[in-house]
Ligand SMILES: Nc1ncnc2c1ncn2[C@@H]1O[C@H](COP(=O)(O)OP(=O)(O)OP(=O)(O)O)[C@@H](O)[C@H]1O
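Shown next as structure tokens: one chain only, the form predicted on its own.
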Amino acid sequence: MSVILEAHDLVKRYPLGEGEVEALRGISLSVEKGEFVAIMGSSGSGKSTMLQLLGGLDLPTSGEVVIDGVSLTTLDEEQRTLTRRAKTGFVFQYFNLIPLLSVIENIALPFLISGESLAAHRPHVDALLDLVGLTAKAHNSPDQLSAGEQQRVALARALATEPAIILADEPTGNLDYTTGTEILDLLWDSCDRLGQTIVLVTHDARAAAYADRVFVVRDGALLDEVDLGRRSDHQAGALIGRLAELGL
């Protein structure tokens, strides 16, 4: 497999009073095409900062991020926005759906933003509706959906442009156990069956156990890499055991 995401010596500092706080301290990693990886850490560990840098939502203080052969840190803001739109899909904890748009319009939003019509992409959008089990609710508004259904819409929207990589930031954090499992199953299926590359940021070992590899982050540094391998049994025992060895 080929490497589709690279981070080289990422450092991120934020101003704090008259000084600075170092959120990331020289993190390097790579993700291969079609891999499911998780970035795991407690609150304040730097994992969400990592996701923002890996997805081009923010720039590192130093270091480099390369997505699908494109170095984000060499681009100006407009070029970075266009690259991010073309090569990444995001799934966030709070869905970020447009309340005035229907389910089908929310899924097609990346195309609508680019000035394209829904009709031009209707077969593809219909296939995504079927994938996430929402064909019967295509014309509902977000407020007519459960939290789990809203997250399914957000996932379908992220998949719409067939991006190089999906970045999911605590996508089950606002869901109950059963609904969260359904979302994790959909993410894993899109990786295992469709070959979609997934980077999942989470504090939850149960969620991280879906990944092929888990990067454990603490205090802005990469503490360990746990290789779980691709498997349909997502039991978290082996990962929890390793985390216990690390004192987490």
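Given the structure is predicted, the values throughout are model-derived calculations rather than measurements. Residue positions are given as counts along the sequence shown, with the first one as 1.
The discussion below concerns the form predicted together with the named molecule, not included here.
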query	finding
Stretch in contact, per heavy atom within 4.5 angstroms of the named molecule in the predicted complex, of 183-191, 204-212, 48-56, 63-71	48-56
4.5 Å heavy atom contact, residue 10 to the named molecule in the predicted complex	no
Proximity of residue 42 to the named molecule in the predicted complex, heavy atoms at 4.5 Å	yes
The named molecule contact in the predicted complex: residue 15, any heavy atom under 4.5 Å	yes
Any non-hydrogen atom of residue 240 within 4.5 angstroms of the named molecule in the predicted complex	no
